[in-house]
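The chain below stands alone, shown as structure tokens; this is the form predicted alone.
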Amino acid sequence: MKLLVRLIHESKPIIAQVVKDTGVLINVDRARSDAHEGEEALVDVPDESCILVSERMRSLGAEVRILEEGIRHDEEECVDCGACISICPKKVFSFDKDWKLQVETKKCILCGRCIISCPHAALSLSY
């Protein structure tokens, strides 16, 4: 499960502390730091540990949002052109045997590249 973790104006090794405290391994999919907006990380944790990890992060001062899906795909608007396939760094998109676009939302790291490349605005981020 994906968690969007934000720290405002305070830099602490929260992810390392949570791994130490819970024993749950956390994969950092994406991270950024901004002097005005603080730090943000998109992390992936096992589904069964999602609540444990998010509660521990909150207790350490982080804002945490659980993301059920990364990208939203409007199948009615999509024309299966595949523009999103080559631009995606995590191979979220593929074609099935009938050339219909398939989306594996759990792989998404919310980079937004596919949204920019989609000529029919069939993709959006689920924040």
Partner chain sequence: MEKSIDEINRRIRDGSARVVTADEMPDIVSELGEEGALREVDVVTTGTFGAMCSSGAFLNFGHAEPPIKMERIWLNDVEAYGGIAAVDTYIGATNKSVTRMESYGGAHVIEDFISGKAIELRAQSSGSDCYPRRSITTELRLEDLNQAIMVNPRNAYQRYDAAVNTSEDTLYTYMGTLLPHNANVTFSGAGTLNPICNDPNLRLIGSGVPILLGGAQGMVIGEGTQHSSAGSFATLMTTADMADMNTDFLRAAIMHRYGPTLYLGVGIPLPVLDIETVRRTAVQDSDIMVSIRDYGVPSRSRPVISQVSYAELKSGTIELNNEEIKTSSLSSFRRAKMVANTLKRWVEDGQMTLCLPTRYIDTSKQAKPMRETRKVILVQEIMQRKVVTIKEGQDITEAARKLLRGETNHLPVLNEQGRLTGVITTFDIAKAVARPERKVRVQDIMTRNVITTQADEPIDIAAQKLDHHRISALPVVDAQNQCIAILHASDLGKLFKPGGGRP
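These numbers were taken from a predicted model, which means no experiment stands behind them. Residue numbers count along the first chain shown, from 1.
Not on display, but discussed next: the form predicted in complex with the partner chain.
Enquirer: Out of the stretches listed (58 to 66, 83 to 91, 22 to 30, 40 to 48), which one is close to the partner chain in the predicted bound form, meaning heavy atoms within 4.5 Å?
Expert: The contacting stretch here is 83 to 91.
Enquirer: Residue-level contact is defined here as any heavy atom of the residue lying within 4.5 Å of the partner chain in the predicted bound form; does C108 satisfy this criterion?
Expert: Answer no; every heavy atom of C108 is more than 4.5 Å from the partner chain in the predicted bound form.
Enquirer: Would you classify S117 as touching the partner chain in the predicted bound form, given a 4.5 Å non-hydrogen atom cut-off?
Expert: Yes.
Enquirer: Look up in the predicted bound form whether L52 has a non-hydrogen atom within 4.5 angstroms of the partner chain, and give yes or no.
Expert: Heavy-atom contact with the partner chain at 4.5 Å: absent for L52.
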